[in-house]
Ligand SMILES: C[S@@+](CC[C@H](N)C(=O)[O-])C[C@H]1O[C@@H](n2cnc3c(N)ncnc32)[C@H](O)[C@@H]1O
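In structure tokens, one chain follows: the form predicted alone.
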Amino acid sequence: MLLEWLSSLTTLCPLAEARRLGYLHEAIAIPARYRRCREAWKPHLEQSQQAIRDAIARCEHKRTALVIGSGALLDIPLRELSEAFGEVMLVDIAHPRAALREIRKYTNVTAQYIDITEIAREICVAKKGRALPLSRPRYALDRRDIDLVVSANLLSQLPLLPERYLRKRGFEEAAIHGCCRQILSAHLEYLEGFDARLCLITDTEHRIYEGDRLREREDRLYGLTLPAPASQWRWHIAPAGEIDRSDHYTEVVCVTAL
């Protein structure tokens, strides 16, 4: 807990509305959970990094790479990206200090503090009884030198904190569900707006096991479907004892090119 408190003082999250929605807390929680679940997470992180390496290899041109959801860099092969591209842009709503120290090793890598949904501020001022805002991301779409765009284990995470915030404030479930689905749909449309190689890494399903018995499964994409994935694996995100004494949690992850 002391380490997480210290991280709260050093993790940079300059957008006030992002802190209000809980993004700073989540940016701290992910590295903390990784430290506890390092061995269980290792296969997922290795496969995520390999998926990005494969996308790099398929790029005909290598001017600029845009990585959305870079976070703590656990799943990002930063050295390979830096060596392959003239410029690497790492985008997240918060960047831990440890990630910033790693980024500073590379003169062609920059960290951008961006709410990629472009909806956080509007969510914070939303009023019950009125239509919820629409996500319309536009960041860097005017850049014609971007040859690779990676959405790194981000898609299913985008609506989670807005959903939690709206539910606490008593918004109707149907409105919340529609807002969450639209955030996901807008992100996919945003990625397709680039004339670049696209690498989408996302979990699609959340499963809870009690021993070997599948107890519960949840669609993480609010009914949206993706193209057939190039690869798929299970992320053992919470071994027994991490959240519950007996249950363990698995995310089904897929990689696809849009």
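Owing to the predicted nature of the structure, the values given are computational and were not obtained by experimental measurement. Numbering starts at 1 and follows the sequence shown.
Unshown form predicted in complex with the ligand; subsequent notes refer to it.
When you look in the predicted bound form, the only residue of 74, 84, 100, 175 with a non-hydrogen atom within 4.5 Å of the ligand is 74. Contact annotation for residue 37: none of its heavy atoms lies within 4.5 Å of the ligand in the predicted bound form. Put simply, residue 153 is close to the ligand in the predicted bound form: some heavy atom of it is within 4.5 Å. Proximity of residue 202 to the ligand in the predicted bound form falls outside the 4.5 Å heavy atom cutoff. Using a 4.5 angstroms limit between non-hydrogen atoms, residue 148 is distant from the ligand in the predicted bound form. Partner proximity in the predicted bound form, defined as non-hydrogen atoms within 4.5 angstroms of the ligand, places exactly one of 140-148, 101-109, 126-134, 153-161 at the interface: 153-161. For the partner-free chain shown, 114, 115, 116, 117 of 102-141 come within 4.5 angstroms of the ligand in the predicted bound form, judged by any non-hydrogen atom.
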